[in-house]
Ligand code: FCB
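Okay, here we've got a single chain as structure tokens, the form predicted on its own, with questions on binding and movement later.
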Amino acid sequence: MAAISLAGCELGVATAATQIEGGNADTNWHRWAKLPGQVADNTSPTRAADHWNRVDSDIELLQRLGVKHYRMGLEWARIEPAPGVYDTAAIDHYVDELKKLKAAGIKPLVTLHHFSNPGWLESTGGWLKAHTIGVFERYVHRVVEAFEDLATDWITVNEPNVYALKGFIEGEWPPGRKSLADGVKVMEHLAYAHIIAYKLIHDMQPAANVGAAHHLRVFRPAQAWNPVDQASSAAQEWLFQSALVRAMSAGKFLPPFKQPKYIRPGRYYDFHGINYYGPSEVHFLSNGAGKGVPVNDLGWEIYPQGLAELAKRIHKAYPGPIYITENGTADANDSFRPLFIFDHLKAALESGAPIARFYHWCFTDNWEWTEGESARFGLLGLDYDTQERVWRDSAAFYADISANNGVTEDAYTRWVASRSYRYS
């Protein structure tokens, strides 16, 4: 197996505040987890990885991994616990974390919204209501002002399509609504909010680096010859991602969205963030994993080439740097994660697209939304009872890639060659 060079692509790891911080912030997810049956293992984000109290030791682990970049999220409910009321102690905590990352030589990529809303915002309708766009703008202004030059790389919104699908169409996430019309409206509002935030951040930091983290999938008909599956696959791709990416990147809101009155077509990205976990095989109105394919612990199909396909497609439509802002897999035994990392990194780097950064999801095991503590995505394992971080083989492999600026023959032999996927 030939060695792989990172060739200008820099490695990082990704996290989200609600999933790792712990604590009793009043968020939509803390409230949701208290409802019977909403989380698979009945856990809540109150424990998570206790990162809020372990910033120093976690940064030491980031240094041990050798990564140059760290994608971190902010807990809006901590920063603004009541409408227009800002907690200076919480802001200072994030400022301190940013200073420590800078001292460690690690560049932060700060996510402003990652599925989590303050409870008070959720109670007023959240992203279903247009007024939330202005509330978000106020929050963004306060954060950028407070962080000054400690953070200049920003993600405005994480996976607005997943947030809308799970919370407003399928009803599996808060607020538990089941309405296609509501889901479309939420995506429209989040796209509008991204553009407003993009312009605001550049007004405050002219040299800022701003984008969104898009959850992208390869949609394919279950039966390639079936015109119904073909049409459904194309329609699902447009509704789930293509129309939204166009709105957020180019300011062009095409059906099912409505063009906001004060938004003009333009360029509203400095980079494209791609979160990629796998493909969707479409049969009529349903989609999921194929049959006889590699799968992870959650039954998600593993298809590394899809990452290359999407990166090329995005760059052709909207030229610019691409960050793989999330890529990882649920693998509690760490049995195939090194192979997963190798295959996806290879696909990305050989795609021909300008892949500037690659962030593995996740730094450590974390509270995985409605899967709770049961799904294990971390390079580092986590004993939730003791909060001990466990150095997995995949962490050692990732650190080796960082140290050698690529995958060496020795690293491939040591960590990858003996691994294999399991099949559905």
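Sequential numbering from 1, following the sequence displayed. Quantities reported herein were computed from a predicted structural model and do not represent experimental measurements.
Absent from the display: the form predicted together with this ligand. The rest refers to it.
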Contact of His113 with this ligand in the predicted complex (heavy atom, 4.5 Å): no
This ligand contact in the predicted complex: Trp300, any heavy atom under 4.5 Å: yes
4.5 Å heavy atom contact, Ser233 and this ligand in the predicted complex: no
Distance check, Asn287 to this ligand in the predicted complex, heavy atom within 4.5 Å: no
Single option in Glu281, Glu326, Glu188, Asp331 placed near this ligand in the predicted complex, where near means a heavy atom within 4.5 Å: Glu326
Answer option from Tyr277, Phe336, Phe219, Tyr268, heavy atom within 4.5 Å of this ligand in the predicted complex: Tyr277
In the predicted complex, segment of 53-61, 391-399, 31-39, 366-374 with a heavy atom within 4.5 Å of this ligand: 366-374
In the predicted complex: members of 154-191 within 4.5 Å of this ligand, any heavy atom: Asn158, Glu159
